[in-house]
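This document starts with one chain, in the form predicted on its own, laid out as structure tokens.
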Amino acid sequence: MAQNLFDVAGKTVVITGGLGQLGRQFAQTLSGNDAKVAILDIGVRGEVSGDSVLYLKTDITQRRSIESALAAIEKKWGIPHALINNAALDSPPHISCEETSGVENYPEEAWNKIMDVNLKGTFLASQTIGRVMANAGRGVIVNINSIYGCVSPNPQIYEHKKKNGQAFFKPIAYSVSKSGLLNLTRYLATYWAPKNVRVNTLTFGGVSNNQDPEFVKEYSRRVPLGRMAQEHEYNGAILFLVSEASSYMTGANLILDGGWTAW
């Protein structure tokens, strides 16, 4: 029995933002374990279909776009078994100076853009796909989060930028949008529990992705494990949450951050 605990074979899993760094990892891991994977991403060109992977151009900030993608998934494989809300806009260190100068001058347009994708988009995808899973009496939703949704960004890891005359503050909208996911998860978990739809948050620490070496150094020395995550190190958690291994887990926040939030 234990050897089948993480079995996802035959399950249809929808991944938003599936063309991103981690989205690709999730898709490869799930399809490699015989799941059927539907990738919803605004970067997809048209509709591309394979035996186990379906690529659909989707704007998650538009309900009709999600509904259209869902119709294509249902036509090919039936009602999905799981949704991974992975699509998000980050605020990386190379964005405009106005957006990183601090709260006082943070642009309203930047706030709206991040909230539209990170919160509204996650809600719309959950609403649209969660509804059909609830009607089927089963399902799993995994909301991908960041440690900056649990704790405030540490400005000290960006201090090195001041040497070049650049002040940098991790923009407020990213943290606020990610913290909003925690209660979205709790709300949906309790709302859909009677329909056997489980909803959990999966919270990540920083992932290595060719960042500025000085940033990597400053970030890593504040992590108990002493390094950033490698992109493959979250795949096990995805299998756990999508499979029956987590059958009694809902409304929870699973944190994988190398110990960042432990001190």
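Given the structure is predicted, the values throughout are model-derived calculations rather than measurements. One-based numbering along the sequence shown.
If you look for the form predicted together with a small molecule, you will not find it shown, but the lines that follow are about it.
Site annotation in the predicted complex: the residue of 28, 196, 220, 61 reaching within 4.5 Å of the small molecule with a heavy atom is 61. Looking at residue 22, you'd find a heavy atom of it within 4.5 angstroms of the small molecule in the predicted complex.
Put simply, residue 129 is far from the small molecule in the predicted complex: not one heavy atom of it is within 4.5 Å. In the predicted complex, the small molecule stays beyond 4.5 Å of every heavy atom belonging to residue 82.
At the 4.5 Å threshold, heavy atoms of residue 32 stay clear of the small molecule in the predicted complex, well away from it. With the partner left out here, the small molecule still marks one of 150 to 158, 129 to 137, 171 to 179, 185 to 193 in the predicted complex; by a 4.5 Å heavy atom cut-off that stretch is 171 to 179.
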